[in-house]
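Next comes just one chain, in structure tokens: the form predicted on its own.
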Amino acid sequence: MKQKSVLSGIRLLILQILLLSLVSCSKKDLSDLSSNSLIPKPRLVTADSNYFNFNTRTYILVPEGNNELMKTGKYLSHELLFYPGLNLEISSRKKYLRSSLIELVLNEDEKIPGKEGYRLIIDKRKITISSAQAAGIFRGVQTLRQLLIQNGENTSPERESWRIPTGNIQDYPEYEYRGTMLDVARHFFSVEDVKSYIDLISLYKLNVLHLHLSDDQGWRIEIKSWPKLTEIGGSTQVGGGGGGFYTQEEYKDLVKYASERYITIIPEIDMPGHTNAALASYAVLNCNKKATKLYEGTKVGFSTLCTSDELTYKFIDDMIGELVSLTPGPYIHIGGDESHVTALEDYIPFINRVQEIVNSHGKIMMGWDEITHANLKSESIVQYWGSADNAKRAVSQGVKIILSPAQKCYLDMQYDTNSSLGLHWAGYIEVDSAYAWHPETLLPGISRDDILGIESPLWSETIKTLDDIEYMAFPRLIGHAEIGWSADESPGWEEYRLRLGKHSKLLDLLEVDFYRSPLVDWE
């Protein structure tokens, strides 16, 4: 597992190199807030011609007694440790008349829309991040982090001092759901790897991590009432070499870690297909009552739960019940895709019944677009990945859609014919193609009101390490983050590619093993 120490020598060396390049930049670039290459692109940026200077006396001011904002303040202070000399104190009262400060302000009267909308005001001696809700302040912190690395000029040889241009930013997201999916079933990824991914997606203001926790090749979440699911089903992965699973305590830790970054974890247990790991663990889940063999290949569509057996629904109820107890978010994803050996006359009542089970535990059911063959309730959510007919069927039932078009959003697709990782059944997806689409015009008959948001899935047939995750997700996921946040504000590929090129500084500092597309002029 790759270790990412906060103050590693590699990061400090990278930072020194970046500083040399930043010093060579023109003063106009450094002093104009509107010229900074922020992603996602903010709604409104106004600039003036001064600087805010971070220094050893800068501190973070949070409201007294607000534990939630105190956590965000500590998070910001920790992230600023990247920069020598910026070990910022956190206080609940104003101090040091001559000191600069960063103030986090929870303002219920803030007029910027949505719980994630924020206002960032940068004056000569003070930065204010305000929002009606704490989630918005956290999103504003990410903008501040991006500004600092782009403008981090060391302005004093005697002490460390860093500066950013003054001005105002007002910003809020277009879509309430902006996510990515990580398949931990085909190949298993450790808690620390998943946390590293959470940290990276939070930087670009994503707010959902969908975990694909079960498939033919592995079962990855402990279910105490059915222990063989992990004892047997968790022992394999694609290509062999063992598997793994998350204990319930580990899963709760991931949920907590994500929630502190205002990211909702959505667990997926795929059914009735993609279930061989469960069928190998419990013979009673098969109609012939014989356990299947464990599977380490990559074919799909060959497995199914026994949809006519009441024991199957007891299993689902037990499993969903335990999962719900660990998952505070509103959604449970039940898969439903590529169940090719389940007859449609069996598939439809199965999905209907599972929907009732999920609802009985107080959650909203999500599923891949095949579930639209069933009778969906209006609160259920359909995740479009391939069938336009299924998407239209969702709309006809009054159901909201999450857009994950395979030909644009599947992060496991190869960049080009030279890619050593990934597949290409949905096509090759270079960085420009991943960015060049608009949610509202993607599918005829699907309007803005039908769309809850977008999600970028990363299936792991060929993905084995955190470096692999980073290489396939970045920088394509950055473009998807902008599409979900900025929507109509997105100015087009040629402008975007220039901003993206400047993010190599930030990605290098964070030691992200990203794909350096030849279509982008990386700095």
Ligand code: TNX
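In this text, residue numbers run from 1 along the sequence as written. In this text, all values refer to a predicted model and were calculated from it rather than measured experimentally.
FYI, the form predicted in complex with the ligand isn't displayed, but the following is about it.
Here is the short version: of Trp226, Phe82, Tyr435, Trp385, the single residue with a heavy atom within 4.5 Å of the ligand in the predicted bound form is Trp385. Here is the short version: of Ala283, Val341, Leu311, Leu423, the single residue with a heavy atom within 4.5 Å of the ligand in the predicted bound form is Leu423. At the 4.5 Å threshold, heavy atoms of Trp162 stay clear of the ligand in the predicted bound form, well away from it. The ligand in the predicted bound form is not approached by Glu116, whose heavy atoms all lie more than 4.5 angstroms from it. In the predicted bound form, Cys287 stays away from the ligand, with no heavy atom inside 4.5 Å. Contact check for Glu461: a heavy atom falls within 4.5 Å of the ligand in the predicted bound form. The stretch among 493-501, 453-461, 40-48, 57-65 whose residues place heavy atoms within 4.5 Å of the ligand in the predicted bound form is 453-461. Contact residues in stretch 175-197 (any heavy atom within 4.5 Å of the ligand, taken in the predicted bound form) are limited to Arg186.
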